[in-house]
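One chain comes next, on its own, written as structure tokens: the form predicted alone.
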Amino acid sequence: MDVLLSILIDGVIYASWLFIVALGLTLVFGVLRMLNIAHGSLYAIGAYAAASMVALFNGLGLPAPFSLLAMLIAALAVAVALAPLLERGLLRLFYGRDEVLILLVTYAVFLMLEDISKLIWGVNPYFVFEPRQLFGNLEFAGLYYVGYDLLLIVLAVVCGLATWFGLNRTRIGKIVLAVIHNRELSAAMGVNVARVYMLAFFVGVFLAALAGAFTSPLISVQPGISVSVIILSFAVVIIGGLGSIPGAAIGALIVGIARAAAVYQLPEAEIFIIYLVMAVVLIFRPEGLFQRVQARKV
């Protein structure tokens, strides 16, 4: 029973940070119809920026709880600095172009951001341990967990609900949904589609950087973390269905729990099990669990 409960809790914790990354990827694809491979680099830059910001706050002698604020500021700073630069400066030139071309462009951006990260932060790992010490250890059903790990679950729920509320219960969200359903008709009715694209890409970058910032206390921040997270994020959105937020949540839970089960029962298959699950889902639902078959526009 303890093993089953451990698999469930570890799987949900792992799924939480993965969902935040996949949420940004899903939002960008849903609005801009763009598979953004550079999303992984934005996650990594968020982690690096958080490491630097936490070190800065500690150097100023601020209390330890301010490290959480430092990570939030770091994620926001990454979005403010990079979202307009990438979206207005490059990606807008390729809207409506061939999907393969867009993949190549975002992959090129991914490579450039990787090298820029190395130029700024070097190749040595960074460790951000201060935030993880804030909440101590918590007992749950006889099992002990680091309180910070459980905070990630709360953060994922808040991000998911905030995105859902923003899209479905606000005027701006309804405009975004209108652009998703029909860009040409929305533009004809006076909607500033370029501004909607900018807003969606900004939120996507912020979510990627936020996931990187709040994951930084759990990992060693070093070159290469962007590769693993973008592959896992794509697995999540493919399982859930491209552009579906509920699909991203369910996909993250499936991947997280499957990985945790493999870690406890068959550690050698930790990576393999994720792609086995994806393959099985795609055999029965090629469009993903929550993606409806859509008529192709001519």
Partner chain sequence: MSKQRPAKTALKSLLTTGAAVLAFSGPLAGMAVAETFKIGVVTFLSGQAAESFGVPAWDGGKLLIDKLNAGEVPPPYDTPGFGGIEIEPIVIDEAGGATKQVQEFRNLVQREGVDAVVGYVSSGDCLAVSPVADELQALTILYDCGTPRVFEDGSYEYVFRTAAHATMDNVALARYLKAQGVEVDSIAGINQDYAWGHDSWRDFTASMAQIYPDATVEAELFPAFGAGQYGTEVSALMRQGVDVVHSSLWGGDLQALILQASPRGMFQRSQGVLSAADHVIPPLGNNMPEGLIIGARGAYGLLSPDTPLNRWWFETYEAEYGVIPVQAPYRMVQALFGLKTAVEKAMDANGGSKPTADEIREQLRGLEWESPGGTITMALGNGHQAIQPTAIGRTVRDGDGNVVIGDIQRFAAECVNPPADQNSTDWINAGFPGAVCE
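Residue numbers count along the first chain shown, from 1. Note that the structure is predicted; figures quoted are calculated from it, not measured.
FYI, the form predicted in complex with the partner chain isn't displayed, but the following is about it.
Though the partner is left out of this view, V263 does reach within 4.5 Å of the partner chain in the predicted complex, counting heavy atoms only. Remark: H39 does not count among the residues lining the partner chain in the predicted complex, judged by a heavy atom distance of 4.5 Å or less. At a distance threshold of 4.5 angstroms between non-hydrogen atoms, G160 is out of contact with the partner chain in the predicted complex. At a distance threshold of 4.5 angstroms between non-hydrogen atoms, S220 is in contact with the partner chain in the predicted complex.
For the candidate set V146, V80, L104, V191, a heavy atom within 4.5 Å of the partner chain in the predicted complex is found for exactly one residue, namely V146.
The chain is drawn here without the partner chain; in the predicted complex, the stretch among 136-144, 165-173, 68-76, 197-205 whose residues come within 4.5 Å of it by any heavy atom is 136-144. In the predicted complex, the residues of 8-44 lying within 4.5 Å of the partner chain by at least one heavy atom are, in order, D10, Y14, W17.
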